[in-house]
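Only one chain comes next, encoded as structure tokens, the form predicted on its own.
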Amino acid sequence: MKLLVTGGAGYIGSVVAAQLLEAGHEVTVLDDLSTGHEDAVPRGAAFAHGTIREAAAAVLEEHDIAAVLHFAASSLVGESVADPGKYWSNNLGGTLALLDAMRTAGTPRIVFSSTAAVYGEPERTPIEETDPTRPTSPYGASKVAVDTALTEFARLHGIGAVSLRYFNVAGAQRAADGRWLGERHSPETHLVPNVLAGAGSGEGVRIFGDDYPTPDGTCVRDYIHVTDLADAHLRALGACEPGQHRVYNLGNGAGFSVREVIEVCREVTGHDIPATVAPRRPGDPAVLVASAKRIQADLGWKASRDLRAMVADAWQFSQARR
């Protein structure tokens, strides 16, 4: 198929675009490069520079796009609290503009990059798709609003949509051309790249709270490898059915503590990464773990790569960047 990947110069979007190319699809990446990197766009993909508001309609028409994989969004929880208007404008407003452009162009399918942030403080774990969505940040709230819009566009206009709610993504992937595609955010807020940066610099890493009701006192989070995540998007693409909006969680169903992640990073890098304990961050739940039973039953997807593989590949990417 001819596919459009919005935000395809970012971390997850670039890995998904690379897998789509390897599967034989024709890929166009649309990105404004506000947080992405043009050199992350996989070779073989066409690249359009611009926002989804400015450029999506023209790209959909020009390339006769059959489906959209939508990653273009603002995604920092703290920033969303400080500047909620930006998140409602970019995440909801931008997606509505994209959906209108899809209607005009006759593009019938969309796979949406959603988040565990829609659940807020969960009542139970593992979290299932039927659990209440009670976001605690404008970021999470904007993603819930997009899900509502997708349901309505499916019901009223017949598009086929799949939302993938993922938890913590880590690792890197080597593209067919030999380049590593991985995380390089600024600022970096994710645990694995921050711990690995501490390994490379010798500065170490901070643990925010060690008095949670968990086996080692640190927060437990659900991690999946970015390659497994990309595979789920390819499967979801085939599951887009006219008039239906499906929602799936992506996770490993178990979870790893902050201390477990740091210890695996020490083993992989061979560095004794110093760790200091800092106060808890407001709003950090003790445990966030996803149930991925629904997508396994419907699409046959299951996370297959363990934490060590995630860290090892992220370290390879980090070393390649150096």
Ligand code: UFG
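Start at 1 with the first residue shown and count on from there. What you are looking at is a predicted structure, and each value in this text was computed from that prediction instead of being measured.
From this point on, the text means the form predicted together with the ligand, which you will not see here.
- Taking T189, T148, T104, S89 one by one, only a single residue has any non-hydrogen atom within 4.5 Å of the ligand in the predicted bound form, and it is T189.
- Note on the partner interface in the predicted bound form: the residue among A175, I207, V144, C240 having a heavy atom within 4.5 angstroms of the ligand is I207.
- None of the heavy atoms of A236 is located within 4.5 Å of the ligand in the predicted bound form.
- Shown alone here, E38 lies farther than 4.5 Å from the ligand in the predicted bound form, counting heavy atoms only.
- Residue contact with the ligand in the predicted bound form: P274 places no heavy atom within 4.5 Å of it.
- Using a 4.5 Å cutoff between non-hydrogen atoms, E54 does not count as a contact of the ligand in the predicted bound form.
- Segments offered: 94-102, 246-254, 126-134, 217-225. Contacting the ligand in the predicted bound form at heavy atom distances within 4.5 Å is 217-225.
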